[in-house]
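Just the one chain here, the form predicted on its own, laid out as structure tokens.
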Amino acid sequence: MVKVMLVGNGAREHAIAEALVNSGAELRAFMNKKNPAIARLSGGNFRIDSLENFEHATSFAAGCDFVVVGPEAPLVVGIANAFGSAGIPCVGPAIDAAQLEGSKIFTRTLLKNSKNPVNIEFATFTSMDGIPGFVDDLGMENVVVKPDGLTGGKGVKVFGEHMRSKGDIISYCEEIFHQGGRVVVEERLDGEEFTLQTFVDGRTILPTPLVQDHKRAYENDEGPNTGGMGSYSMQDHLMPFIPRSDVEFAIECMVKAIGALKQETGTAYKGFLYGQFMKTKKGVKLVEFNARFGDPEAMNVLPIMTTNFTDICQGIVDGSLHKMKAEFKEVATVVKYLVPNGYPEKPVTNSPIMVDEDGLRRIGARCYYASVNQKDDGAVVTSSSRTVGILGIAGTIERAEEIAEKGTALVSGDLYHRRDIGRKELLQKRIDHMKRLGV
């Protein structure tokens, strides 16, 4: 039996853990809080520690065939290198390759230098010098401001949504510099986003079904940005507004990017690579790369995968994905996140929740524990981020949404969720948006 250690303890990692165990792996887990489901899936063979305590992580992984790293933060500071130095293969990119997510400046510059057609107009800054002029050149209404490093999906500000004047743009850039960061100012894109998650062994990329995430906290896409309030995928593995030719183009651009990365750094990208793309009037453009599976998007694709997931991970390690296919059931999925009241700005923390797992199984829904902690007495409490993802799977998105929504009622606590995710009205809103753009 293949022995695998998982690093991480969110809902993405719960989905990864489930897929590993269901495909025959013997699991152990290295977590910074006790996720009750991952603890069960590992048969109690887990350790609670800082995910960036590389010495303890490599020690606990001794004897494993490979390690799978879920979250981005330990990857961008070199956890895969630490495992490699200890002689333990890692499904997760080494530090140089992880900068595809860790540094927006690195990625935009890499795409520019390699003439990758998914890139957009941008400029990078280490001080305020040049920012007012570039904003004027781009047009204030076309501006997006991003900090260079990791922001948990919450650091991007878009003119017209988060910034209302040139003064707002300047103030946000000054705020980033005050915190010691660097700034990327780039053109605002108009279109619809889609998530393309892939398996990468350094050369070959195997895609998974397309997913669309919902970042805004409240229904009808209102409120502040979050880490993601839920997501859906369609039974044909596409989007109603994204044809297969766009997916093939996105994959070609991802292959070109990892080739340029290898040429630039000498490091082959091995792990999961997530491209956040947007279909615009100018074609498919890259919003950002992520060096891991998405959260919630992992919950949409891993539970419907029919190919052995442990074998895929071994193929990443061995560089043998060119001999494999990643196949999935032809079904639709909807994920709805239950989050603490007050999230994302002032979430209720350390508040108890109860999940009727038997009831969820009876209605055909699944739950994935996210930012929670199980205490010594068995109680499960909220942390400062999203709490539980509820997944519905069915032959149609309408039925998948019904299952997910029904499942949310089987979780109790000081929580809220977006009821509109996966519903036809919201999907039609996106289709109509693309029609208005003439795309």
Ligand code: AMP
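Because the structure is predicted, anything quoted here is derived from the model rather than measured. Numbers for residues come from their place in the sequence shown, where the first is 1.
Not pictured, yet referred to below: the form predicted in complex with the named molecule.
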query = Which of Val348, Ile120, Ala326, Leu238 has a heavy atom within 4.5 Å of the named molecule in the predicted bound form?
reply = Ile120
query = Among Glu187, Glu264, Asp246, Glu357, which has at least one heavy atom within 4.5 Å of the named molecule in the predicted bound form?
reply = Glu187
ask   = in the predicted bound form, which of 138-146, 361-369, 88-96, 318-326 comes within 4.5 Å of the named molecule (heavy atoms)?
value = 138-146
Contact label in the predicted bound form: Glu193 to the named molecule, heavy atom within 4.5 Å = yes
ask   = Does Lys282 reach the named molecule in the predicted bound form if we count a contact as any heavy atom within 4.5 Å?
value = no
is_contact(Lys104, the named molecule) in the predicted bound form, heavy atom dist at most 4.5 Å = yes
message = Taking the named molecule as it sits in the predicted bound form, is Ile251 near enough to touch it, meaning that at least one heavy atom pair lies within 4.5 angstroms?
response = no
query = Can you name the residues of 253-281 that have a non-hydrogen atom within 4.5 angstroms of the named molecule in the predicted bound form?
reply = Met278
